[in-house]
Structure formats: structure tokens, C-alpha cells
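Coming up is one lone chain in C-alpha cells, specifically the form predicted on its own.
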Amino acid sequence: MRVARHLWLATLLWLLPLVPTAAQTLPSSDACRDCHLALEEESLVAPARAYERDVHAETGFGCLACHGSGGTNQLNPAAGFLAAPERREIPGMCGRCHSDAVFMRQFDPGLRVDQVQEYWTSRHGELLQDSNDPDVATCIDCHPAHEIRPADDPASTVHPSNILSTCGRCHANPARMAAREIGTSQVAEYTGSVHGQLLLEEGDLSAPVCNDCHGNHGAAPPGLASVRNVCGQCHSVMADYFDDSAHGQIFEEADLPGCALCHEHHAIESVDDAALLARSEDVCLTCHEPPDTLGLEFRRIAAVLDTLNRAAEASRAILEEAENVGMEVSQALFELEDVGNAQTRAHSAIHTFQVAPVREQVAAGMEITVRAAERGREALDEHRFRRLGLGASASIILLLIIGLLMKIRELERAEDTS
């Protein structure tokens, strides 16, 4: 009897897990959040708190959409539940939705669905796939796992104003980069560059940041042959001039990095004429050593550019002098602004590495300065003429007044004697 009772109890305990109970009901997202918010460990509380602001939560996705349900086996990892996915699993986890064009069309038909494929071609993806590098960036390093926001949201980690700090968390970290023999000066160099100043000081969101040059999910250093194409996305006129120049072919044959050889990579400086001349002497003379006079071409170009700068300053001084004495020269001042366009075109033509194309653009600017100076001189002449006319008119009026006074006195004396 006792043996039978023990056998029955053992059978009951064996069958108990197969009996459906209320505890086996899959939790809702509210249940996940409520439970995590009640925990004491901050690392478990933070995801629940952050997810309320996540774009997926706003769209209606709950916790189990990413972590999996584990089927009917109550959050069983063996059945597919991901409590904390391994780094190698993250691209595939995100790709379950983001690589499915039919599924994504329901939410954003314009959203690309090749991000995961691109990621595996990036340097990050290669390191993750080949060596399971524990520190390499995955989806959640750029898009915080539980607080993903649209890219155009200023609070998003991938908004243009935040990209530098997002990439810099790794690439400006010496400890993290040391094992990979990668420098960490890129962020500092970019911050002081003309691009960095436009973005960080002037708030110009059109200024290029890391992903504009290196790509988003397929991030990788541009190859030597593609540097010109990367820069040419914005600087298309300069790129075309360079391609048509003798240097374009020479650089391609020598596998030189085009734009970056003269302008650096991240520490790109503002190109005023003084900086242009100094940089050209540093760069050009490394190849064009005396008696090769081609290395001096930039000195000739700088002299030609200087003639336009001086002419523009002189014309502006004449117009401002005329304006200060009250003459109407606003139209001439407005037209003089076109000199700036001529200067921009002339600086673009520098990428031909020849004087003639630069002189051609400078000549167009010189015509503008000549017209402006003529208009200024005409206004000053008119002002002088008006002053002379006013002086003559005042003299005549004064003589008339004196004559009238004398006539009045004469009449008064005649009355006294009569």
C-alpha cells in the first residue's frame, strides 16, 4: 500500500508540469515592465523605464517581440526566449523584422531592409563574425536597445548632432582601441575641423559627420580609390576639376588618396588663401622638387587670387564712402556680393592645378569690381557736384538777401528826408 502511494505521488509530480495553470500564461509587456520596475538591480530596472520612450513601444511592440516568447514553455530559453542575447545574436534578432520587406512595409515602406546584410560587410560585422569580438559595435551600440528613437529626433543617438559622440564612445576610447592598433584622435581632429565647426558651433546639420563619409551599417574606412567619390558627394565641382586634371590620372595610377593627401582626413581646415599657400608648399614640394617649377604653381595661383581680393576690398571701400555721405549705392553693393561667387569658382578651379582656369574665374570677378568701383566714383562725383551746386545756390541767395536789405535801407532813408 505504501509503495503504491509513493508510485502515485511520483506519477503526479511527473505529470504536473504538463497541466496548464495560470502561471503558464505568457506575460504581457505591462507585466514585464511592472516586474522589472519592482526589482532592486538598476541594470534590470533601466530597460523597463527607458522602453516607454522607444519607437517600437510607440508602434505597439511589446517586450516579447524582441525577446521571444519561448512558446508555451513559459519563457524557456531552449524554446526561443532571449533574456540577454549574445552579441553575435543581435544582428539576427533585429533582422527578424528589419530584413523582412513585407513586414516592414506595414510600418514604414521607405525604410531600407538591407541593414543586416550591410552590417556583415562592415569592419564591425567582420570582426564579430570572424572572432566574436566582445567589444565590436553591434546594432544596440549605436541604437540603445530599449530607447531607440527616429533618426530625425534630436534626442536620437544617430541624429546628426549626436553621431560624433555615438561613434566617439568607442573610437575616442584609448583603452578600447589599443588592442586594435587604431588611433583615437579622430574625434578631436574633427571637432577642430571646418566640418566640425559648422556642426558644433554653427549648428549646421548639413555638415558631414562620421557616417556621411564612412557609411551607416556598412561602416568602413573609404578605400584609397573611393576617397574622391566620398568627398565628391558634397564637393562635386572640385571633384570634376580634379578628375580632369593631370593629377587625377597620376593619383589613380599611384593609388594615392586624392583629396585627403592635401586636405587630411578628419582635420580638414578652412581653405583661405594664406592656408592654401602654406599647405601647397608642404604638399606640392614633396613631389615637385627644384628644378621642377610646377611645385610653384600654387604661388602663381595665390597671386592671381590676391588681385581679386584686393580689387574687391578697394571697390567696397569706395562704395561705403559714398554710402556714408548719403548717396544711394545699395544696388551696387548688392551686385558686388557676386564677387564672392567668382572667388568660390576660382577656388574650385584650383583643383585643375593650373593658373589659366583660375585666372578665367578671377577675370569674371574683376569685371564686377570694376563696375562697382565706377558706380562708387560716380556717386562721389555726384555728391561733390551737389555740394558745389548747393554752395553756388547759397551764395546767390545770400547776395539777393543783401541786395534786398540794402534796398530796404535806401527806401527808409528816402522816407526820413521827405
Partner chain sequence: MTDGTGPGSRARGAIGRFASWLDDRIGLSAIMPVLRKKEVPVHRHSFWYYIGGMALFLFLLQIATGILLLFYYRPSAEGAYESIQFLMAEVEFGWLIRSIHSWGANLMIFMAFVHMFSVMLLKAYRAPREITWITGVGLLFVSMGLGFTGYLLPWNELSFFATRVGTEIPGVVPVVGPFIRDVLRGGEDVSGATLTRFYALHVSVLPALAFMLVALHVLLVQRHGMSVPPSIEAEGGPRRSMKFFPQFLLRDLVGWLAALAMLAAAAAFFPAHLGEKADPFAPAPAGIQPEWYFMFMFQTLRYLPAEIMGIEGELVGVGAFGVVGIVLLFVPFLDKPKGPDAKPGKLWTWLTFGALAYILLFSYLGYTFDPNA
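Owing to the predicted nature of the structure, the values given are computational and were not obtained by experimental measurement. Residue numbers count along the first chain shown, from 1.
What follows is about the form predicted in complex with its partner chain, which we do not show.
### Sole residue of A31, L39, L390, V370 within 4.5 Å of its partner chain in the model of the complex, by heavy atom
If I apply the 4.5 Å criterion carefully, the residue I get is L390.
query = Taking heavy atoms and a 4.5 Å cut-off, does E382 contact its partner chain in the model of the complex?
reply = It does: once its partner chain is placed as it appears in the model of the complex, E382 has a heavy atom within 4.5 Å of it.
**Message:** Is Q331 near its partner chain? Define near as a heavy atom within 4.5 Å, in the model of the complex.
**Reply:** Contact with its partner chain, yes.
Interface membership of R375, its partner chain in the model of the complex, 4.5 Å heavy atom rule = Yes - in the model of the complex, heavy atoms of R375 and its partner chain come within 4.5 Å of each other.
(Q) I'd like to check something about G326: if you look in the model of the complex, is any of its heavy atoms closer than or equal to 4.5 Å to a heavy atom of its partner chain? (A) G326 belongs to the contact set for its partner chain.
| query | Even though the chain is shown alone, can you say which residues of 378-408 have a heavy atom within 4.5 Å of its partner chain in the model of the complex? | reply | Sequence-ordered list: E382, F385, R386, R387, L390, I397, L400, I401, L404, L405, K407, I408.
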